[in-house]
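Only one chain is shown below, in structure tokens, and it's the form predicted alone.
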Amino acid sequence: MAASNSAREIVLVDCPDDVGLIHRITGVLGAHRLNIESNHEFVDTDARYFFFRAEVMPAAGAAAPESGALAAELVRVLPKAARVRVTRAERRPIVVCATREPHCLGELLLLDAVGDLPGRIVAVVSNHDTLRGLVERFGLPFHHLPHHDPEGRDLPRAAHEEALAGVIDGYAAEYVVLARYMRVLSADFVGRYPDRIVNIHHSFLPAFAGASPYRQAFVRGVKVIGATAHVVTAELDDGPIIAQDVIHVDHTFTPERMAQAGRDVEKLVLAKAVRLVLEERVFLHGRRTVVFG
């Protein structure tokens, strides 16, 4: 009897390049009677660094090995400093943060609702109450965490971020997605979720970072505008890039029309990036990424 899809594992390896790495990895997988259903590998020849991703299933009649033991066995046959992870292919819990704009959040909610997102949105958090109705139509919890007190005075950033972290941790979210969340996060907050926060920036980074990128693009007279999804780091809009796309514009576009056209790009780029991250297709490589599509 064939193994069920629930037994599918994802094997991730990155390490200094060396002779025979594929042979070593597949030798371990074969010894455990794991069938490789798909695999990708890449060598950064400048850095002499190797990346490998495979989806594996136990052969008919074979038992699935314990993930930790399989990872440890792979480490033993690989170069020093090898990073190995074996993880179950399953829908991972994510918390989405948004502010007022619905387009990126709405795209993710729809994909989740029809089962086309390799993750589960377990909650939505916003510093405004604007999107509550949209979220509750999908039967999901909505948490309104205003960044000011009832008198309109801004709350201390640390207090607001502590409340935000409390929601995220309460749902045991593996990833946090910023779907046009218009609050700059502190380095301390980002450090609580290293490499686990994905953001959409409404610009083709590194151009036009920071606020009002469409206004910046209009002033510069650009002929293409785009969107960038990236891993959030302590440096604003400077994290490793996961996905980007562009559309063409011309002199007739006002900043408002650019923003309107850009929203379609933003939601698709963010959805693509979230899918890549949830499917464990993104390796961080310094300030860059290696992405297996």
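Note that residue numbering begins at 1 and tracks the sequence as displayed. Heads up, when I say rigid core I mean the largest set of C-alphas that superpose within 1.5 Å between the two forms. Because the structure is predicted, anything quoted here is derived from the model rather than measured.
If you look for the form predicted in complex with a further copy of the same chain, you will not find it shown, but the lines that follow are about it.
- For the chain shown alone, E107 is a contact residue for a further copy of the same chain in the model of the complex, at least one non-hydrogen atom being within 4.5 angstroms.
- Proximity of V56 to a further copy of the same chain in the model of the complex: non-hydrogen atoms within 4.5 Å are absent; the residue sits far from the partner.
- Under a 4.5 angstroms non-hydrogen atom cutoff, a further copy of the same chain in the model of the complex lacks R153 among its neighbouring residues.
- Using a 4.5 angstroms threshold between heavy atoms, S126 stays clear of a further copy of the same chain in the model of the complex.
- Residue-level contacts in the model of the complex: of F218, F142, Y193, Y171, one residue has a heavy atom within 4.5 Å of a further copy of the same chain, and it is F218.
- Checking A81, A159, V114, A187 against a further copy of the same chain in the model of the complex, a heavy atom within 4.5 Å turns up for just one residue: V114.
- Residues L134, R137, F138 are the ones in 129-156 with at least one heavy atom within 4.5 Å of a further copy of the same chain in the model of the complex, listed in sequence order.
- Annotation: Cα of R257 displaced by at least 2 Å between this form and the one not shown, core superposition.
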